[in-house]
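Given next, in structure tokens, is a single chain: the form predicted alone.
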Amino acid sequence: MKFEEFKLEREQSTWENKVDYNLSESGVHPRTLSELFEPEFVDQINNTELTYGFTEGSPDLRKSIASIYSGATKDNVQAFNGSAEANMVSIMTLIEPGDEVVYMVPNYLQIYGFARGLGANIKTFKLHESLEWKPDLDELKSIVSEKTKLICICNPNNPTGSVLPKKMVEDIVAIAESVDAWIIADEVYRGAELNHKECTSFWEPGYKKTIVNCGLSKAYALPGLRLGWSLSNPEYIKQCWANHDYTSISVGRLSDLIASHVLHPNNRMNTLDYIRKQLAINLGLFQDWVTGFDGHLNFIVPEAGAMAFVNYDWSINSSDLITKVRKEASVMLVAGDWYGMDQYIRFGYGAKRSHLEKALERITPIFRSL
């Protein structure tokens, strides 16, 4: 096995903590325990023994996660150290060398690189800006075949912030079912919808070969917990639990406790409502800033998440442009060509409002000079 460099993660890991302002993140800026919780729960956290806990996730955690999805039970859930581990274990569980994987692009490219490293044959289907970053399902139908083992989706999408409507989710499931393929749906931005209406999960059509991977890092603004999960049929969950024994074994005890609380039906919407409010405020600020460049910057307004995928018309490579911004303004952005799409930049607008304002002020004279 040989894994190609994960360009986005390598660049972020190298620079995100060395700049004054980081706009490369795609989630809302996280809060502290004392900001998030009542003193009684903070005391409970402080007095929890730091044991290994449950390797599959505690019953309370898995019940809280299952409550998000209609008809799910704790037997449909496996907890992981972030949605990235859920994605990795999914590929370890499903993919053998030579298997055909159909992959949505643009997309977070972790599964793409990991599956290629395991010897999978990757085919891609596109989201089209002319369709407001939705796919042409005729294109998807033309790509899948009897050989297709897996179709990979990111919904809501990274980096565009687009959301698939319910009918399109159902149609994609029908396409997968027609060739007996699995679906992995990365839904880590689900819950961060700007219209306050939670989008259709790929769990909802009820196709047995569906795996929904999600976590607390983006829509819940709790990346430091490194808490994710897979949702699927009980047979698959048992398989991925066995493979989890070879990776990190279990999630952190405090992460399990906090996630159980945050995702409990009595608490979950409080977190999501806060996130959506912050997103709406910051998106308005960002839109006003973009309009000041006389059409040189354009983007489809995101439907979910804290990121905007912005097209620019200056004759400069996107990696060169974000390097220029980093060196001259100490602001970190994401280059479109890290997704294989030059002439785009991903802006994370989920930072603290004051930081977002200052970062955009620093970027302005650089863009003006172009």
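Small disclaimer: the values here were computed from a predicted structure and weren't measured. Heads up: residue numbers just count along the shown sequence, starting at 1.
There is another form of the same protein, the form predicted together with a small molecule; it is not shown, and what comes next is about it.
This chain lacks the partner; the member of N282, N76, N87, S162 within 4.5 angstroms of the small molecule in the model of the complex by a non-hydrogen atom is N87. Just one of T210, S250, T148, N158 comes within 4.5 Å of the small molecule in the model of the complex, counting any heavy atom, and that one is N158. By the criterion of a heavy atom within 4.5 Å, C154 is counted among the residues contacting the small molecule in the model of the complex. Taking non-hydrogen atoms only, S217 approaches the small molecule to within 4.5 angstroms in the model of the complex. In the model of the complex, the small molecule sits within 4.5 Å of a heavy atom of Y108. Within this chain, S26 lines the site of the small molecule in the model of the complex, having a heavy atom no more than 4.5 Å away. Per the 4.5 Å heavy atom criterion, the small molecule in the model of the complex is contacted by stretch 217-225, the sole one of 123-131, 217-225, 239-247, 262-270.
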